[in-house]
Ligand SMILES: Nc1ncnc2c1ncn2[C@@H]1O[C@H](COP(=O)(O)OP(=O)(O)OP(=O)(O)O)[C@@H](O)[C@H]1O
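As a starting point, one isolated chain is supplied in structure tokens, in the form predicted on its own.
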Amino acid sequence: MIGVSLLPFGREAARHAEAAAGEMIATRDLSIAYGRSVVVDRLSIEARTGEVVCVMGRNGAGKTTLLKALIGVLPAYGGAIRLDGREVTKKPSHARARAGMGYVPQGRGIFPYLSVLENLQMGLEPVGRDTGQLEEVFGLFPVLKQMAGRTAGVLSGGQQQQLAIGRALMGRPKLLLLDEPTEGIQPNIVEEIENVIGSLRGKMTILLAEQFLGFALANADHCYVLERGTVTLAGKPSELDTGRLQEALAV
């Protein structure tokens, strides 16, 4: 069962090795600030190998800030981050990518003037070369194969989201971070992304930030709800009170 992580780091970690077995990503008392403004406050979460975990919350709740801290774009103000049993709190982004993190930012972050194929090849940096993942990505997203030679900037928003996910998968991540993957996406592409998440379940850990309640509950093994940078609800989708969830996510 995935739950709020209270596992210690450093010298005491050995005593809890058995409890941490299967843990892919965990934070302990993680705090992130912009200047003097604390956006994530002493946050402790955990996702285990092969699980899909969703972090939900309104705009400004701290979801994107959390994912940026996990990948190393933002420094931790306090607390710690552990990836696959190793502390990575002070590691730079490229080291985390090489250790097995893949990241799809909000807004997709594709290279609009490069071709679809060139964008995908950019995702090889953590692993160095293609050992079959390009064809795997084309299998997941056939439209990318059809449009491999096109300039990425001319793709629709949904196709660009598929490209961003495909690029992250080129690095063969153990942990895939998805920030608002359904934002501004047409329903048929949302369904395709949902199918891809389902096909990846068990092969890697997926941590996604999401506001769309239906998508989150349909795909997640475990959910965390953030309000003002702290966890106010946590549990399996079947265990969470839908009314309380809707209240926490209401604009």
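We number the residues from 1 along the sequence you see. Worth saying up front: this structure is predicted, and the values here are computed from it rather than measured.
What comes next is about the form predicted in complex with this ligand, which is not displayed.
Quick one: which of 59 to 67, 198 to 206, 214 to 222, 46 to 54 gets within 4.5 Å of this ligand in the predicted complex, going by heavy atoms?
Looking at the partner contacts, the answer comes out as 59 to 67.
Using heavy atoms only and a 4.5 Å cut-off, decide whether all three of Y34, V39 and E180 touch this ligand in the predicted complex.
Yes, each of Y34, V39 and E180 comes within 4.5 Å of this ligand in the predicted complex.
Between the options Q121, Q106, S156, S93, which residue brings a heavy atom to within 4.5 Å of this ligand in the predicted complex?
Checked against the cut-off, the match is Q106.
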